[in-house]
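Structure 1 and structure 2 below are the same protein chain in two forms, each given by itself as structure tokens.
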Structure 1
Amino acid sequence: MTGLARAGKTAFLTSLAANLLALGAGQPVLPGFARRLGGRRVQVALAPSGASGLPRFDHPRHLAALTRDPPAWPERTSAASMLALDLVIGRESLGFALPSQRLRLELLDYPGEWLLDLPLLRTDFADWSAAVLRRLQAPAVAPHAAGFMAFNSALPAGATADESLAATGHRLYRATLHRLRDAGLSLLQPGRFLMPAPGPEPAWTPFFPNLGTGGLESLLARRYAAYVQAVQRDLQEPMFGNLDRIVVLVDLLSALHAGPDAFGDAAAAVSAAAGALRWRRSWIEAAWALGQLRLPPRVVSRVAFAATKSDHVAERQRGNLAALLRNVAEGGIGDAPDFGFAAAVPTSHLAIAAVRCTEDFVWTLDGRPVSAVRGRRIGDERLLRSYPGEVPDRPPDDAFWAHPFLQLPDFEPLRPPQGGRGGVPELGLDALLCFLLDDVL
């Protein structure tokens, strides 16, 4: 499961686990998935963590946050963790004499900022610096990056490897990244500058993009290489090396509110991250692995794109949201390259809400009935009615940006039935599961 920061990964995992556990307990949840099982009995349990080096996803704590009064959203993820569920599914008709089918779902939670470190694995320091500095000169970004760009351009090309220069440039660049994140932009690298890994910062941390030719550039390039090695060691190999199906969570609605630059930036960021994952089998890698008596590395066999927080718009707009996601993912927009794997792997585009917060209602605005939503905001006991605007079904044009798309309110989650034992209210999670697991069910 991948997704940029604030896309809702932790809430997604919490809801998925709660609903699957409720399904195993015979509760009427995930109706589409239950239909796909065709009446077969399913038992679900949290899998023991065994000797895994990854911390276990703290499902009970996150679920308790959603169920308590007043509720709270799961805290921002600051370290990677793993959720593993064991599914035991009974056989049907003639296969009843066979042993039950056993599936293990392993899902990773990690800070969304780190996802954008994956493309760095294939990029050297000079190329990365050139790309970052080009982006920072774009009109929409330049005002936020003025301090860093002034410092960087004032550095002589042959600057010597001075630690104070490296530290100052790093501080300015890091502050720029924070400002850009606050402005709603997403393609922010390196991810650990925004969300550091737990523990003390390594000595190679202070670097920044630079196109010089002297000792400073050499120092920064060595530190960049150390960073990339750490990403490969801590993130890519243990977590992304063994994937065979992926859910990409995208918060398109917030991007629609943030404006054309942030929307294009979010699409570019998701595209870059998805492009860094292994989509096609490499015969050379497979032969190399077999030569070492290992199984060939896995490739992604299914990918589901999910537009999250779809309960923030009314039901009739969720179809548009899924269509918009399809258009963004398949066609690419602006500078964002397309994902390029549409023909290679089965792909689905859905509008979901892992944790539902609102109910639909008809709002009469300016004398016309409009499908809208309402829910309580966190910390407020009154209902808030929201009609943020029409969701386009294709990448928005200038006419769309001429009108505002309102910011999504911070709604509180619906009360999960039976303190969470009856699942977590959701939208579209069953369709997502059906697609992802269709070939193994």
Structure 2
Amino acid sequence: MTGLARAGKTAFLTSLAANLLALGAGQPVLPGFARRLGGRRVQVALAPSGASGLPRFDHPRHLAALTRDPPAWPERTSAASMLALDLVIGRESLGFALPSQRLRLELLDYPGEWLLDLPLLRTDFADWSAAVLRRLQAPAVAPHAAGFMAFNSALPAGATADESLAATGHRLYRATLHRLRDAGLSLLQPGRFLMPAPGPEPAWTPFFPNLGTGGLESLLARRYAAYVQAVQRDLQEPMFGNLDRIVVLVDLLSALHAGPDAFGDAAAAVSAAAGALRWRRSWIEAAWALGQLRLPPRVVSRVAFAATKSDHVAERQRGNLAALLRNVAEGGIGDAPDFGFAAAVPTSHLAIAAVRCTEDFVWTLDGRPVSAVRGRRIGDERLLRSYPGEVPDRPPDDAFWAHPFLQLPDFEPLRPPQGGRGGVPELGLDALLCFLLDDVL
């Protein structure tokens, strides 16, 4: 489970676990998933952490935040963690004599910052540097990158391999990435500069984008190559090497609300991630791996892109939100790498709200009924009515930005019934589960 920054991974995992546990306890939750089970009974339990070296996702603490008075959003996580659930599913009527189906779902909270490292596996240092430096010159980005760009521009093209220059440039570039993230931008690479992996940082970490021709550029290119190799090795580690389905969460509504620059950046990030995930392993890739005396990486069998916070817009707009996500994710399809006779991964694009914070209602504006939502703004006990506007079903044109009207109040979450034992109010989680688990069900 991964996604762009602040897309709601913690809320997603908390709600997913709470609703599956409630379903196992006989509560009327996840109706679409219950129908997919076809009347089969299901038992659900949190699995023991076992011998995994990953921290366990603290589901009870995050669920407790939702059940406070007033309810609060769970704190965002800042490191990889694992949530494991054991499911025991009864057989259908013709297979009643067979043992129940046992399934373990291991849900890895994969930092969204690391997701955007995957496109680097097919990008060399020169191309990456050119693309980053071009983006840092954009009018909306340049003020945040002024210090780094001034340093980089002052370097002579033939600068020698100087460790102090590499360290200074790295520090300035890393600070730039943090400022850009705080400004709401998403396409920030390398991701481990923003969220380092556990343990001490490797000696090759200090590098930054540079288009020189001397010894410094050669040093930076070697370190970039070492970084990319480390990303590749991570995908072979037990922590990541067994991934076979991926959920990518994207907060497109906040990007639309923030304006054309933030939306364009988020769209580029989603497209880059989609291009990196859109493949099955081909015989060429398998032969290359075996030639290096290692096993090929595991196939990613299903990918779900989910636009979050869909309850902030009215029901009639949620189809547009899913269509917008599909258009954005498929925007880079022509740039996706060719892996040699590789088939596309089954992919779904959905609009969800893992933790619902509004309800739908019909509001009369200027004498006309409109579909709207209402909820409690954080810190206010009164119900706030909201007509957020229309969501485009494709990347908006200049006319859309000329009249910004999309409003996104900060609503508090709806309190889960029975202290969370009755599940968590949500939208679309059952459709997402049906897609992810259809083949094993």
Partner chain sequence: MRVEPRIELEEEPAPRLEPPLPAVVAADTFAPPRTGTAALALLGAVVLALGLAGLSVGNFVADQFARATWLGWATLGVAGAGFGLIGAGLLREVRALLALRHVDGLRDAFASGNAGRMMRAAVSWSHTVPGGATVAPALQAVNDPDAALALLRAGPCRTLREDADRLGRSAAVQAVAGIAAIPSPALDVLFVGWRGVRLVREVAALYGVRPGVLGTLGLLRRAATAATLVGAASLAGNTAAQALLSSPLLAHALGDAAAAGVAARRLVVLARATALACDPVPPG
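Computed from a predicted structure; not experimentally measured. Sequence positions of structure 1, starting at 1, serve as the residue numbers. Just so we're on the same page, rigid core means the largest C-alpha set that superposes within 1.5 Å between forms.
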Which of these two chains, shown alone, is the form predicted alone? 2
Rigid core superposed, CA of D162 - does it shift 2 Å or more between structures 1 and 2? yes
On a rigid core superposition, would N152 pass a 2 Å threshold for CA movement between structures 1 and 2? yes
Please state whether D117 has a C-alpha shift of 2 Å or more between structures 1 and 2, with the rigid core used for the fit. yes
How much does the C-alpha of H178 move between structures 1 and 2, in Å, when the core is lined up? 3.6
